[in-house]
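The chain that follows stands alone, in the form predicted alone, written as structure tokens.
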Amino acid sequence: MSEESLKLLAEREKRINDAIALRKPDRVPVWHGVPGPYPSERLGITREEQMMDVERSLEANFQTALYYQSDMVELMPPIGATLDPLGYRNLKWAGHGLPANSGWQFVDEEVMKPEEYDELIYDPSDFMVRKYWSRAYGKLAGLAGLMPLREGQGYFAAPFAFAALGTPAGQEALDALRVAGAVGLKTVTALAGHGRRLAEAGFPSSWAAMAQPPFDFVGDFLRGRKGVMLDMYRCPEKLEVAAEKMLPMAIEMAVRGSKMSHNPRVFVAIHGGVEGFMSLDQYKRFYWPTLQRLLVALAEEGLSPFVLVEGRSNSRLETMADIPAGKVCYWFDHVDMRRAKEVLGGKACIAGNVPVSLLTVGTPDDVRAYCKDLIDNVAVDGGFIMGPSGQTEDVKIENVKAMVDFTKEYGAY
């Protein structure tokens, strides 16, 4: 690593960490979001390749970082390469369920039946392998025939434990796992090298570990949005117990990922806890208790939760202030940023929220005016990171460049 790159890396890390810790850095930090259209328009790397080709995807991310020169680099990992051989049902992307130039789209469906809550709560790991995997991954249906994993101990159990893997469906599952495992190992190894390459060029990675809010683990991947909404009325106690069961798993996953990557920032995406899906009372009962304990636990581990709040959440701001000061960053999508600063200033860093719509259809002058307002009214006294309001898949390159460059020029403290 050159002396200049080492200096840049240290400066950028300090700038980000100062903002999260509610200190005033030398200037407002800024990041450009995921690569968006830059790889396809400037580098000739298609949207499908960004999801399927590990080498080209990471090269696109690196070249995009060099172009924008922002303070941290966000990455949508090329997970399609691992998901495709497994026949994953809940995600579509370019060339795989969507047109060639599309981004990616989550497919909401009910994977777990309401009467299966007790099974999930009793033994989550067994449920994940035999029920969730066999249903969410089309090629892993054969795993449904396995005996409960908790009953596989001892040599007498061996014929019964592994018999299902000898069936045609079991053999298909093993073949799919072998292919996905090879690609997954290649991807994980490449991601580690990519993080080092970014650091050597002077760029911190935004985050490398993730944590799912416990409610969303149930609502996103198991019950589906409709199912979990009904569960708040039909079986609220079981939903609460299931979220409690998911909490230590979410903490463990985040801590392990941070230790592996040596990156203290943990990405947390809020989906079900926003206005329009649940009331404030429901938020306080079903969503916030486990989310709050997740954020506190990560802070106590010395980590910095970077929480993407996808949706309107003005009514939640006072509740969201119940966190350790200077440990959490809230990345807001649709929120009154001035009010967010009023309520959360002194408690949490605020990030965002240059609208993706503005970055898509506006002009560079429009973007600069929006950024100026955020710097003048929200970035006061630090504790603020400039960035897009969400995933920058179809934005104009010149608008993202204007956001980054203007913030670097105008955002000095």
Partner chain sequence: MTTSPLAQAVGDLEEETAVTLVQDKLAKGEAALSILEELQAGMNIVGERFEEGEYFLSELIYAADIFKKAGAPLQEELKSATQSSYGTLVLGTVKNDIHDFGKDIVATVMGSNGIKVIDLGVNVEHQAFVDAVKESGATLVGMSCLLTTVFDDMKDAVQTLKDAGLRDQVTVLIGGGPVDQATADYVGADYYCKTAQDGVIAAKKVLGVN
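Residue numbers count along the first chain shown, from 1. Just so it is clear, the structure is predicted and the values come from calculations on it, not from any experiment.
As for the form predicted together with the partner chain, it is not shown, yet the points below apply to it.
If we define contact as a non-hydrogen atom of the residue within 4.5 angstroms of the partner, is Y88 a contact of the partner chain in the predicted complex? Judged by the heavy-atom cut-off of 4.5 Å, Y88 is well away from the partner chain in the predicted complex.
Within 4.5 Å, heavy atoms only: does S279 come near the partner chain in the predicted complex? S279: contacts the partner chain in the predicted complex.
Using 4.5 Å between non-hydrogen atoms, is M229 touching the partner chain in the predicted complex? Yes - in the predicted complex, heavy atoms of M229 and the partner chain come within 4.5 Å of each other.
Mark R234 yes when one of its heavy atoms lies within 4.5 Å of a heavy atom of the partner chain in the predicted complex, and no otherwise. R234: contacts the partner chain in the predicted complex.
Where, among 300-308, 109-117, 238-246, 279-287, do residues come within 4.5 Å of the partner chain in the predicted complex by heavy atom distance? Going through the listed ranges, the match is 279-287.
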